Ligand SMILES: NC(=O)c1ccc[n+]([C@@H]2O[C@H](COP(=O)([O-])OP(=O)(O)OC[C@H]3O[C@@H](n4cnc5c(N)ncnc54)[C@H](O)[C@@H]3O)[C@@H](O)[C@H]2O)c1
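Below, in structure tokens: the form predicted alone, a single chain.
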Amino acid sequence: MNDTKYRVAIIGCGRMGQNYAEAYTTYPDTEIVAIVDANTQRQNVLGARFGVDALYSDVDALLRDIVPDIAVVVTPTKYMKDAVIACAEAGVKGISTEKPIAARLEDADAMVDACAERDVVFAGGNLQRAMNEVQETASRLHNGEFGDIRGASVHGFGGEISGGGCQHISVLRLFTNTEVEEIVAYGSPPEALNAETDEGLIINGSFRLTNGLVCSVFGTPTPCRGVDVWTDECLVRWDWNPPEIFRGYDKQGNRIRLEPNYNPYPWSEFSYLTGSIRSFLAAVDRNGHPWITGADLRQALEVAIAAKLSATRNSVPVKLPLEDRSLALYPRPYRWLGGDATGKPQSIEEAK
């Protein structure tokens, strides 16, 4: 950290937005100067909770009064594009958002492009790719500590492939240091495959990576739920926790787990949100890169769209990047519209 005190606006202060607000009120180099939330009753409660007087119901009203250094966009997905682009155009230095970044691929493109054109740092959100142990494992993989990567697999790619599936794709891309260039997939059940959303969709198939590897993808249950990467010497397994490292087998044929000896990371009470925010602020300082970016979220969305596209076309191979940027995959209504609009509002007592 440096001596700069960044002025932060939380845009969308539901349950996840409040997690961000807790973190940003803890760090000595950030100060929340504004809260934006369409629910005026919750807005007032959270203003009192976090000691913020500048409360707004929409982004335009915020930007007429205050152009913060940092805009944390945690709205439902439907409203992210307009908020991100408005903040970029207003001169905000750094913008972060959440998953899924959009439903339509061209909307994700518009956000990434708007920030790139204005040299705005555009960070992603609360993904395990930003866990310090995941980042450290990736560095050790890339440095060759475990040998050359020979294969990879994804487990549990289903339910919400544009939401939770962002986690799998982001870790896979990080560990292998490569991109997905072709997808062959089949999906189930039929009602999920034919729906506009990804709710309940199970995807099996394969991802061909730009380094030549073919990654098997399992949506149906396996003993794992995350991403495996292996070399001639080791298996590296991310299973929604700090990665495990295995080398060799014992006499019973079980893999021998190594002690990874990860370096400690401060503010661990915020879990992997810590790495997401602190790497984002370092990038705004021009002292590094976000551990999860808006472009990473776009790539995850594109993979999810391509996977469903292949599955709906009888497992035809689909090449990436997709030429048709109007393609879309909608998340479940709660992610798309938020709890207030879908009958799952946060109680005021909980917000307090």
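Residue numbers run from 1 along the displayed sequence. From a predicted model like this one, the values you see are computed outputs, not experimental measurements.
Keep in mind that the form predicted in complex with the named molecule is not shown, yet the notes after this line are about it.
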Q) Does the named molecule come within 4.5 Å of any heavy atom of residue 330 in the predicted complex? A) no
Q.
Contact with the named molecule in the predicted complex for residue 126, defined as at least one heavy atom pair within 4.5 Å: yes or no?
A. yes
Q. Can you check whether residue 76 is within 4.5 Å of the named molecule in the predicted complex, heavy atom basis?
A. yes
Q. Within a 4.5 Å heavy atom cut-off, is residue 98 in contact with the named molecule in the predicted complex?
A. yes
Q | Single option in 67, 322, 38, 54 placed near the named molecule in the predicted complex, where near means a heavy atom within 4.5 Å | A | 38
Q) Thinking of the named molecule in the predicted complex, which stretch from 105-113, 243-251, 76-84, 221-229 has heavy atoms inside 4.5 Å of it? A) 76-84
Q.
With the distance limit set at 4.5 angstroms and only heavy atoms considered, check whether 7, 93 and 290 all reach the named molecule in the predicted complex.
A. no
